[in-house]
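Before any questions on binding or motion, here is one chain by itself as structure tokens, the form predicted on its own.
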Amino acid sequence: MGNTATERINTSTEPLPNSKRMASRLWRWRKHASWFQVTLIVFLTAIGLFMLLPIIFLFNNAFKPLNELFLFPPTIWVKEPTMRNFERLFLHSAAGVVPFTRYLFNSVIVVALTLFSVIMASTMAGYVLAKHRFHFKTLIMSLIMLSLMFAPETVSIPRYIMVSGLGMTNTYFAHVLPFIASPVAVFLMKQFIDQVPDALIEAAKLDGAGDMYIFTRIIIPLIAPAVATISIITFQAVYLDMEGSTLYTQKETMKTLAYYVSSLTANLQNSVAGQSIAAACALLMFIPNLIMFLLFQRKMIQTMLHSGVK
């Protein structure tokens, strides 16, 4: 009798297989979840799958042959995937004066310089506005808030005058300079740094730490979610920007990938073969934004949910 009880105990304490473990967890969740929770989860899951349809269509569309691109009604899934669309894209760019890799290189350089400049400028400005006292601080903050009301088109002419006046046309700085003064980034950084306790900064100053040490060792680690959010917003704006290549640069070797893709699809939109190139271009322009969002999405959510100090 004792041996039988011991065997039962040993049998009950054995780890369950993964399938049985998942089934047990699902049964416990269904037992404690209400009908409203179940309905809400099913509804949100359906919405999430529906919102994935454009992304799925974009990926499949880039690998469709010409006969599938012109099917009516259009299909989401590709039946016979091919790399011919990307081959046409690279062959078309190779036939031009400037190769495709030059536009891609320009975009990488511009995005890297702009991200670094915007993050440094916005974090420093946000730290000063949040934790320092000086004259006209309220006026400066009011001007930043006021600048949020202006549409980008309204400042195109002043930007061009500044870039040309500084002699930066046909340079990488012509692409970078218009993005450095980002009121959205400064406002977000200032609001996030406001949540850092003043006692933490005062304790560091009592220990002999200077402003640069406090900024690099205390403020920057605590505002990492806000930095990630600014990185995503800035990356999308810079990577898809065509204003710099249209207004500030006349040399074809200084234009970015977004301008090349836009001009290419505009010139080939009436041709049959151009639709395959346009499908490949759309995927190439979307993938970097998707990767950037997937890398920093958790930090971006923390910006909205958590304070500066956890």
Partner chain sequence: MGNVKFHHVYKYYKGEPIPSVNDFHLDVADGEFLVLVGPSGCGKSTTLRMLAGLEDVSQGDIYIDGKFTNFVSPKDRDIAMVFQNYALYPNLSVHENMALGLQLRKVAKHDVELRVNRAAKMLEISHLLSKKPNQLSGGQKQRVALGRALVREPKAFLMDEPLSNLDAKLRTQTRTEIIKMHGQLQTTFVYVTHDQTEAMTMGTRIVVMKDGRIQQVAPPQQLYDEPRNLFVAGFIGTPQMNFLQGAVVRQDGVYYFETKRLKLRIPETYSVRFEASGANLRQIVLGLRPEHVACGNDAPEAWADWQAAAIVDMKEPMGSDTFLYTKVGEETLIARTDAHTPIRVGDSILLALQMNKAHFFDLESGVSLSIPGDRA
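Positions refer to the first chain, counted from 1. Note that this is a predicted model, so its numbers are computed, not measured.
Keep in mind the form predicted together with the partner chain is missing from the figure; the text below concerns it.
- Put simply, of R84, K205, K79, H92 only one has a heavy atom within 4.5 Å of the partner chain in the predicted bound form, and it is K205.
- This chain lacks the partner; the member of P99, P152, G167, P221 within 4.5 angstroms of the partner chain in the predicted bound form by a non-hydrogen atom is P221.
- Not displayed here, the partner chain is kept clear of F116 by more than 4.5 Å at the level of heavy atoms in the predicted bound form.
- Residue contact check for L200: one or more of its heavy atoms lie within 4.5 Å of the partner chain in the predicted bound form.
- In the predicted bound form, H132 stays away from the partner chain, with no heavy atom inside 4.5 Å.
- Using a 4.5 angstroms threshold between heavy atoms, Y213 counts as touching the partner chain in the predicted bound form.
- In summary, the region of this chain contacting the partner chain in the predicted bound form, judged by heavy atoms within 4.5 Å and restricted to 225-233, 108-116, 205-213, 144-152, corresponds to 205-213.
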